[in-house]
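Only one chain comes next, encoded as structure tokens, the form predicted on its own.
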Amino acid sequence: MSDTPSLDRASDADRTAGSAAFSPLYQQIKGLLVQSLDRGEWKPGEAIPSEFELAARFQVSQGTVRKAIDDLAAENLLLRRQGKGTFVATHSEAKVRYRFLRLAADDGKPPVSGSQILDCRRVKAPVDVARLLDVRAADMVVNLRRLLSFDLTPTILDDIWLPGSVFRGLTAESLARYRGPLYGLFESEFGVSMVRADEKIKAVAATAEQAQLLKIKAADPLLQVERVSYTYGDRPMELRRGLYVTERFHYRNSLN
């Protein structure tokens, strides 16, 4: 018999007894699909099995599977392609490449972006970084600094922290060779997909060093965005502290 996860249908009495903890059947299927994504059963960019095949696998209706997939597509974990099937989302896809970046041009025109890696090194995790990445303070982390330019104008200065045990082999040289989005590199080389993020935002004044890199004046206002990004299973995989120049841009978000 196959050891593929399946769901036994609970009786109405069982469901009533456990109503406080009960989740709808499609949510349980969604959880099983996320587990498969986490295990790497389907890689970023690959097609997942059809709704018919998944319904047979989990012993549920196609409607239940469809609702689970709809949820994952709404969360940008899966992508539906008309006439082709459903695929694992990848940060190399235009639709999700910059889904965590909420900076938008005031004139509404998409800017031409450029990226420059300023530094990449392995260090012992500072206490605050270790706490946010859920590692020990003595553990090694990768710290990289990156300058993003829009229309040739320096706009975002990022300090990025990554767990060293996961991102072994990440160097300034490998970053310089890669031409795609940073999260695409994390997927292809390290098997890490960033699926959600939490952010904290506040206004700060630029230090002399920050001002020099961003080509602004010291004490000019900046938007500071601290983001913790998570992979499947709500495991923190990146701490990113960005300083945004908002002279021609604004921070845009949708609240549901």
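A residue's number is simply how far along the shown sequence it sits, counting from 1. Computed from a predicted model, the values in this text were never measured in an experiment. In this text, rigid core is short for the largest set of C-alphas that superpose within 1.5 Å between two forms.
A second form of this protein, the form predicted together with a further copy of the same chain, is not displayed here; the remarks below concern that form.
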{"property": "Interface residue in the predicted complex among Ile48, Ala56, Leu213, Ala197, criterion: non-hydrogen atom within 4.5 angstroms of a further copy of the same chain", "result": "Ala197"}
{"property": "a further copy of the same chain contact at Lys202 in the predicted complex, heavy atom, 4.5 Å", "result": "yes"}
{"property": "a further copy of the same chain contact at Phe100 in the predicted complex, heavy atom, 4.5 Å", "result": "yes"}
{"property": "Residue contact check: Pro221 to a further copy of the same chain in the predicted complex, 4.5 Å heavy atom", "result": "yes"}
{"property": "4.5 angstroms heavy atom contact with a further copy of the same chain in the predicted complex for Arg227", "result": "yes"}
{"property": "Options 75-83, 168-176, 119-127, 149-157; stretch whose heavy atom lies within 4.5 Å of a further copy of the same chain in the predicted complex", "result": "75-83"}
{"property": "Residues of 121-140 having any heavy atom within 4.5 Å of a further copy of the same chain in the predicted complex, listed in sequence order", "result": "none"}
{"property": "Yes/no, Arg196 Cα shift of 2 Å or more between the shown form and the other one with rigid core fixed", "result": "no"}
{"property": "Flag for Arg66, CA shift 2 Å or larger between the shown form and the other one after aligning core", "result": "yes"}
